[in-house]
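Consider the single chain below, provided in structure tokens and representing the form predicted alone.
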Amino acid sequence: MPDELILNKEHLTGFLRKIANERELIAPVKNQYGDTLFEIVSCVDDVSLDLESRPVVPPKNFFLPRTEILFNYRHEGKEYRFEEALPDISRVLFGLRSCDLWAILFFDVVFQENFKDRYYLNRRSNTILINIGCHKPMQNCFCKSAQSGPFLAYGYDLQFTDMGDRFFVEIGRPGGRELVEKWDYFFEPVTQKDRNEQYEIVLEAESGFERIVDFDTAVSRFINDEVDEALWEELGNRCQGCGGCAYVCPTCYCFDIADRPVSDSKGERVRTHDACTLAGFTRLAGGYNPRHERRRRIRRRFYHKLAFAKERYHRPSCVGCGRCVEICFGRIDMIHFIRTVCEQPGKAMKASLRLGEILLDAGLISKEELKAALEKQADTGKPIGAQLIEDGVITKEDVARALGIQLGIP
């Protein structure tokens, strides 16, 4: 069977109905209040699937539940007996967005990096992922900056591209091939015209982003300790400690574990979601809290998301879904944070100002031209000289001449 196929939209319901008859089907459903959420779909005909909107919350709860029993215990006299509560269900997660699927791939690394988490990995190994590429990025999406969308090159079992009356289907992993081969009568061969149209859709989607975020500059300033301490104080004052950012973030995975008695002789060990921005996250048994100040907790969150993840996994853990932008009324979301950090006069900015002053003194640029270039640089992260050259304000020869005058080089 080829790796690319066509699924006419009139056959989508039948395909999903077959899946739901044999496996647990999870899909984005629009509820009575107008919100789109990932839900378990037992009957496809009874729900309103929403394949146009990004779900309000990510699908991580299906892999890392908000509350989950790890094992039950019973004690009789001096003896304890333990019974592990491993999940065992075959599922298909349909209608994922690229950012959410990339977050699952990130979890795959985290939860088997050192200690292999049997609970997560058992759910993950029994789940087939079907992605729908975003042909039209939403207002707060910046997955292109995070390199996690709008379409993926790998990681999916199946990837759908909406082409109006049909889906262009790409097979990525064995789980996807298994579904297609089992119900191959729903699918048709692709033509070169289909491939060309799908390629145009991908290119158009990549050019449609309103949000451009400079991760590289923000990470660099973290690593080089160039973030002003006053910024953490300001963000700490604006944060309400609600934990909403962690709740909607696809890659936040912090948790707490506690033993919970059920009776005098029985109990259970429970894992629950937690967040580094919550006051009790780092509180020790004796009551001391090394991060009792909110500014320290905010710093830890962004350090973990950007610098720590970059050093450990070679990329930030933010996938650019934009959910934190929509939920944080204190404006401490990823977009506003990175832009604030990039606008601070760190070492790179100071170097830009020095070069700008040299060019001003040489009469090669005006103050207005320098200001405009610095504003663009905050978004692009380019050296100020390169930005001025790109804007057509100066040439490479002008920069070399100005630096030669400043350094006394003939």
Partner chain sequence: MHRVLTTCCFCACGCNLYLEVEAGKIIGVIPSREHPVARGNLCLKGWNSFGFVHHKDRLQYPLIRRKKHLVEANWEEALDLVAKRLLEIKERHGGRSLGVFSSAKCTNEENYLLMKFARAALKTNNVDHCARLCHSPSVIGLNNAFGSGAMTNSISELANAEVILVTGSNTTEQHPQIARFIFDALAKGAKLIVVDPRRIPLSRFAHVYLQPRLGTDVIWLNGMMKIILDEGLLDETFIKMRTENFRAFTEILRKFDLKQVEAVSGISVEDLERAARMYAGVKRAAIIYSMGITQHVSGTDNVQSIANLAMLTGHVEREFTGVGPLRGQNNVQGACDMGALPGTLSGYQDIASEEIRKKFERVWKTDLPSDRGLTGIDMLHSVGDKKIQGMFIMGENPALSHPDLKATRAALEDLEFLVVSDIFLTETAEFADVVLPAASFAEKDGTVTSTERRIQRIRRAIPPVGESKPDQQIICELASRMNYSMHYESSAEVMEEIAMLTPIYGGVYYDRLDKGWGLFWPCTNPDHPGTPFLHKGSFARGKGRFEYVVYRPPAEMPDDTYPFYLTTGRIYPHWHTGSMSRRIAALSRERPEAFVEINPKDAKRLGVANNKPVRVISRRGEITVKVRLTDDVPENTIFIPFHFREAPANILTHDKCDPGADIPEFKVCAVRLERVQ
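Residue numbers count along the first chain shown, from 1. We call the rigid core whatever largest set of C-alpha positions still superposes within 1.5 Å between the two forms. Everything numeric here is computed off the predicted structure, so don't read it as measured data.
Just so it is clear, the following notes concern the form predicted in complex with its partner chain, a form of the same protein that is not shown.
Mark Ala85 yes when one of its heavy atoms lies within 4.5 Å of a heavy atom of its partner chain in the predicted complex, and no otherwise. No.
Contact with its partner chain in the predicted complex for Gly164, defined as at least one heavy atom pair within 4.5 Å: yes or no? Outside the cut-off, so no.
Residue contact check: Gln139 to its partner chain in the predicted complex, 4.5 Å heavy atom: No - in the predicted complex, heavy atoms of Gln139 and its partner chain never come within 4.5 Å of each other.
Asn237: heavy atom within 4.5 Å of its partner chain in the predicted complex? Judged by the heavy-atom cut-off of 4.5 Å, Asn237 is in contact with its partner chain in the predicted complex.
Its partner chain isn't shown here, but in the predicted complex which of Leu231, Ala279, Leu105, Ile212 has a heavy atom within 4.5 Å of it? Filtering the options by heavy-atom distance leaves Ala279.
Of Glu369, Asp35, Glu343, Glu357, which residue is found within 4.5 angstroms of its partner chain in the predicted complex when only non-hydrogen atoms are counted? Here the answer is residue option Asp35.
Which one, 173-181, 212-220, 258-266, 95-103, holds residues whose non-hydrogen atoms are within 4.5 Å of its partner chain in the predicted complex? Stretch with heavy atoms near the partner: 258-266.
Identify whether its partner chain in the predicted complex is within 4.5 Å of every residue in the set Leu12, Pro150 and Glu204, based on non-hydrogen atoms. The answer is no; none of Leu12, Pro150 and Glu204 reaches its partner chain.
Partner contacts in the predicted complex for 294-328 (non-hydrogen atom within 4.5 angstroms of its partner chain): Going through 294-328 in order - heavy atoms within 4.5 Å of its partner chain in the predicted complex - the hits are Glu326, Ile327, Cys328.
Core superposition between the shown form and the other one, C-alpha change of Glu368 at least 2 Å: Yes, Glu368 moves 2 Å or more.
Given a CA distance change of at least 3 Å, are Glu368 and Glu226 closer or farther in the predicted complex? Note: Cα gap between Glu368 and Glu226 shrinks in the predicted complex.
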